[in-house]
Every structure is written in structure tokens, then in C-alpha cells.
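Only one chain is given next, in C-alpha cells, and it is the form predicted alone.
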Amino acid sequence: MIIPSIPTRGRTLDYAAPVYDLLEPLCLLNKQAEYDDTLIKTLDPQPSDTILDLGCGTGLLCRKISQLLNPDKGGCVTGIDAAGKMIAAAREKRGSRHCRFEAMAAEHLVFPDVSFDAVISSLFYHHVPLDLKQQSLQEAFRVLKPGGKLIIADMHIPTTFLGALVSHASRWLFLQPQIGENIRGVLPELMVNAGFLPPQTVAHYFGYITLFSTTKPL
């Protein structure tokens, strides 16, 4: 199945789609199950929830979330990614009637206003330039229902020496100024600027990833 990628100034990972399921656990130091479980526990999905995953990759997190949803009650998770090859792999490996995948840029969501109970994103925002970070958060705010949750896990201000080393090396090795933005600590302010309540820090991983939780005011 060929799915065209969506034009965006963010970095897309089409080239990594064939090996993404092998690379992601290595990047997470073989703690992916624990990491995903913490995200899902923070999300606390209810059986009837509609959930959006920004930058879903090959859909592993979506699949885990879908197992807690009841499609007969309207429960559904939708993963979006601008990389067409990621979406093709996600549909093939993990698609179902209540675990759906669409090629879409996070800064231009095609969903109606207030159409999701929660939005989640894992390791997406360090691929996105500052203005698109803000625009995608504004889009997340728009599609969330009042009181809806926003859960983000991504690179942030390093909390250990090793985390700082990995963060700064990654920024220069991969020529990604977007990483530099994240490790300066921009995400919480961007969430507030988009309309969300000040985010809570839930957990830190590997000295450079922080898990945030916030909500859209009622």
C-alpha cells in the first residue's frame, strides 16, 4: 500500500519505517514497555474515549491504547503521522475498526472542533520547528473537548549529565535545531500559550525525556 507523505517543515521518518519497530526499543534502552505503560496510565483512557496520537509512527502505542477501548461504546484511537510509509506500516500491522491511522500533519489537523477526549504524543515534538510546535498545540487544543487531556512525552531540559550529553550530541549529530529548542525547555510555555493549563511533570526517563500532563480548561 502506497500512502503519500504530507508536506511539512517538520522532519518525517519515511526512511526509518521498515526498521522503526526495531529501532524504537533500542532508543528507549529496552524500557519501551515501562515507558508506554506510564504514558497510558497517565492518559487513563476510558472505554468510550476518542483519542488522537500525534506522530504515531508505526502505531504501537495506538494499538496498546486501543486494547483499553470499547468500539461498541464509541471508543477509538486515531494515529496521525506526516510520513506515508509510517502510516502504511501502522495500518498493515495494527489497524482495526477502532485503531485507525491517517497521513496528516499535526499543524493542519482535518478533524472537527472538540472531537477528541484526549490527545497524546510521544517523541514527536523534537522533530518539529518552534512555530509548528506552537501551531500543532493550538490544533490539539482546538480538537480537544473541554476538560480533555493532553499527554506529551518528549525531549526536555536534561536532568542528568548523561541526558545532557545525549541531548546535545543528538542536536549536533543529526543537525536538528528542533532538539535544541526542546532542551531549552520551550514545551511547557508553548502548551500554556495554546490555551492549556500549566502542565504537570509526571516522570523523567533517561535523563532527557519528560512526560507532561495538562488539560483543556472547561
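These numbers were taken from a predicted model, which means no experiment stands behind them. Numbering starts at 1 and follows the sequence shown.
As for the form predicted in complex with a small molecule, it is not shown, yet the points below apply to it.
Although the partner is absent here, F124 is a contact residue: one of its heavy atoms lies within 4.5 angstroms of the small molecule in the model of the complex. Using a 4.5 angstroms threshold between heavy atoms, M155 stays clear of the small molecule in the model of the complex. The small molecule in the model of the complex comes within 4.5 Å of a heavy atom belonging to C56. Of the heavy atoms in T12, some are within 4.5 Å of the small molecule in the model of the complex. Proximity to the small molecule in the model of the complex, defined as a heavy atom within 4.5 Å, holds among V77, A140, A82, A90 only for A82. Note on the interface: of 91-99, 104-112, 69-77, 143-151, the segment with non-hydrogen atoms within 4.5 angstroms of the small molecule in the model of the complex is 104-112.
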